[in-house]
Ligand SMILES: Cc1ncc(COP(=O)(O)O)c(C=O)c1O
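Only one chain comes next, encoded as structure tokens, the form predicted alone.
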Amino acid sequence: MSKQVFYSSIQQELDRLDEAQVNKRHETVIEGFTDHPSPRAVIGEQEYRIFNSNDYMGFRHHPSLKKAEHEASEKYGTGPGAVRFISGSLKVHRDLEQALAKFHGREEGIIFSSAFAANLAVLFSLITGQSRDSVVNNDTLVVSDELNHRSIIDGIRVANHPKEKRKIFKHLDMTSLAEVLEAGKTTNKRALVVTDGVFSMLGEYQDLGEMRKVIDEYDAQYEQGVLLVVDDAHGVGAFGETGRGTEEVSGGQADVLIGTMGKAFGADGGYVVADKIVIDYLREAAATYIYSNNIAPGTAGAALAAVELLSGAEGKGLLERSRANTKLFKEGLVKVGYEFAADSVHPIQPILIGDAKAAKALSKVLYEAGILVTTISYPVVPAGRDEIRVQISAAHTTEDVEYLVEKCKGAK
């Protein structure tokens, strides 16, 4: 019965989270979607406009993706069968890797079961420099933006890297980055700088052009150079004139770019694009690639269709509509005193509330009006920076956006 003592301590933590209204386990169960041009979630007998999805282009309900998913499943089956080094690679997986590499102007690509798995793999493999055993590498300085995603934080932890070799630079601050690289150049052979492209809590983005200048300045001062790794999961497919993400917006290029098919591309799974030598190494070193099944063939077929769509005229039109919807929403609420991240031009448009209970109250008002949004509170964001994260989609109609603005105004 001693385990009951442990269970009691767990219950106390659950009670604390419930009291603070920052719990996450009471998830909304969506029973289906309507066939409205901007599909709405069906919960019980009510329809809800969806403003809490990463489906920035509206691709997950697109007929072309559904058709491609069905055709790939018919051809290859519902699952991959086994990991790739055992049962081989399906052609649809290789086609997708090559399409993603071409989309980003890189030599080669590799796909993972998720972007989280891709981050774990890339950081472990490139920090340790080992292809099998977790051997501590004392020659690498790891430098991370202070607001990086949890998957980056865990990737660095998994590498079992010495704490004195892990450094944080101030959020979006290139002077701080330069100071860290300057201090580490005499005691490290190489440096790995890692950052989100778009930061999902505020919709801010890293200026990769300025970051590239700092890194290039220090590259020759490290025996093995300075490597830039960017997780642009929220940027790729949704950000930039042609959807090439933060690189396109800021004019800087990563050495290793990590993305996802589970957001703007409307499917699932993560990927990495880089020089061929890096991708070849990841196929030998990345545990979450070697020992984990790939995404389903149907999912790969849908993602491939999304890349093709985004690269054409329809994709250009969807990106334009996304920008127009984002502008309409933000301008409408700024006029009545709502606060936003000043520089956010991404479809992520969080309403900054600053109090967990007030944020919950606003989300409840919107829910009762048939609108799905998400409250983000500590520890996902710092205490006192609670927000309603609104995510705009190209699938939203003007009427959808105006309806959300009107309901937010009424709750002010």
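Worth saying up front: this structure is predicted, and the values here are computed from it rather than measured. The first residue of the shown sequence is 1; numbering continues from there.
Heads up, the form predicted together with the named molecule isn't pictured, but that's what we're talking about next.
This chain is drawn without the named molecule; in the model of the complex, the residue among 165, 93, 330, 263 with a heavy atom within 4.5 Å of it is 263. Distance criterion of 4.5 Å from any heavy atom to the named molecule in the model of the complex singles out 114 from the list 73, 114, 188, 176. Note that among 78-86, 298-306, 176-184, 232-240, the stretch whose heavy atoms approach the named molecule to within 4.5 Å in the model of the complex is 232-240. Within 4.5 Å of the named molecule in the model of the complex, a heavy atom is found for none of 246, 315 and 393. Remark: residue 200 counts among the residues lining the named molecule in the model of the complex, judged by a heavy atom distance of 4.5 Å or less. For residue 149, a non-hydrogen atom is located within 4.5 Å of the named molecule in the model of the complex, even though that partner is not displayed. For the chain shown alone, residue 109 is not a contact residue for the named molecule in the model of the complex, no non-hydrogen atom being within 4.5 angstroms. Contact between residue 196 and the named molecule in the model of the complex is found at the 4.5 Å heavy atom cutoff.
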